[in-house]
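One chain comes next, on its own, written out as structure tokens in the form predicted on its own.
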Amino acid sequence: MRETMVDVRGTNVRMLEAGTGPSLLFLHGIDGPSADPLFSELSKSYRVLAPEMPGFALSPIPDWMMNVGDAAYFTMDLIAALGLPQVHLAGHSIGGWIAAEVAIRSTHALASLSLLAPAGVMPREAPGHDVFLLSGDESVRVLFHDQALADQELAARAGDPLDIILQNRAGLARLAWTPRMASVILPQWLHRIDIPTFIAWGREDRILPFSTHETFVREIAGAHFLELPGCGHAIPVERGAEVARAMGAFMNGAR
């Protein structure tokens, strides 16, 4: 894994990169980028680029980035700055929402779209938990169906600096405070996504209920859907290798 910095119109972006092959830009979820099983498996066949979005981890959020639409335009500028024609775009959770917002604006530079439990659509049932009201261990445990994996994740995060944890929460709040993790507008425009699209969702997701997938699958023509029984919101960790292989087969067919 390599770490680089990219200048996007005056905003510096920290980037994790691994692998060789077709380029895949992966937008992280609510806790910033990490070398999880999904990242590791994808990098066996793809050049995986995982930017640290402004407002998360070590990257302060710019004053002008006020919502997910701004993050989408920023991502489009990032793709241009990286010189990535026909890149595979993927995202998890809040990153999936940003990726979808990019695709409804323009698919000119995109080869395919992969959305893993994306935020952005109002669920028809109440989420099990509000991510903005959780703290401490609970904020990690609710992401997982398999609590043994939650234990491992908590151990791995034990040394995380408090300022990074707080910045992740502040960055998420700037983008998705109200309505919580959703948009009343996005469903109206999902039909504009005109590239091959892969969607995966954990049936036991307690952050973004499983039924939320219905809107994405219905509105995005020809979307390929993968149901993940026994999986919560933390898809890149709980089922990362499996989903990466399914994504790889899908993206290979999308060329």
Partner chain sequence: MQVYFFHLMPYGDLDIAEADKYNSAWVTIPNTNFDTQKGMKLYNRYIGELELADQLGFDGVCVNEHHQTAYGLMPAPNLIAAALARSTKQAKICILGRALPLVNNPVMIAEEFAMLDHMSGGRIITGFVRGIGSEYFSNSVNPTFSHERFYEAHELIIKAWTDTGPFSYQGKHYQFDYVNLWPRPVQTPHPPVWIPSQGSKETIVWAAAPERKYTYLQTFSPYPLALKAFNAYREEAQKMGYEAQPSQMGWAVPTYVAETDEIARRELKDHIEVFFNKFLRFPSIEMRLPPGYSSISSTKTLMELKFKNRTSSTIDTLIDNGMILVGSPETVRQRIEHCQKEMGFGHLMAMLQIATMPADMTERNIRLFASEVMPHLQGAVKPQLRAIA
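Just so you know, these numbers come straight off a predicted model, no measurement behind them. Numbering follows the first chain given and starts at 1.
The same protein also has a form predicted in complex with the partner chain, omitted here; what follows describes it.
- Remark: all three candidate residues (Leu133, Arg174 and Thr178) come within 4.5 Å of the partner chain in the predicted bound form, counting heavy atoms only.
- Checked against the partner chain in the predicted bound form, the residues Leu162, Ala126, Ala148, Ala158 give one hit for a heavy atom within 4.5 Å, which is Leu162.
- Among the residues Ala221, Ala35, Met66, Leu58, the one placing a heavy atom within 4.5 Å of the partner chain in the predicted bound form is Met66.
- Contact check for Thr107: every heavy atom lies farther than 4.5 Å from the partner chain in the predicted bound form.
- The partner chain is not shown here, and in the predicted bound form it never comes within 4.5 Å of any heavy atom of Ser183.
- Looking at Arg141, you'd find every heavy atom of it more than 4.5 angstroms from the partner chain in the predicted bound form.
- The partner chain in the predicted bound form is approached by Ala170, whose closest heavy atom lies within 4.5 angstroms of it.
- Contact with the partner chain in the predicted bound form, defined as any heavy atom within 4.5 Å, is confined among 95-103, 133-141, 109-117, 71-79 to 133-141.
- Along 86-103, a non-hydrogen atom within 4.5 Å of the partner chain in the predicted bound form is carried by no residue at all.
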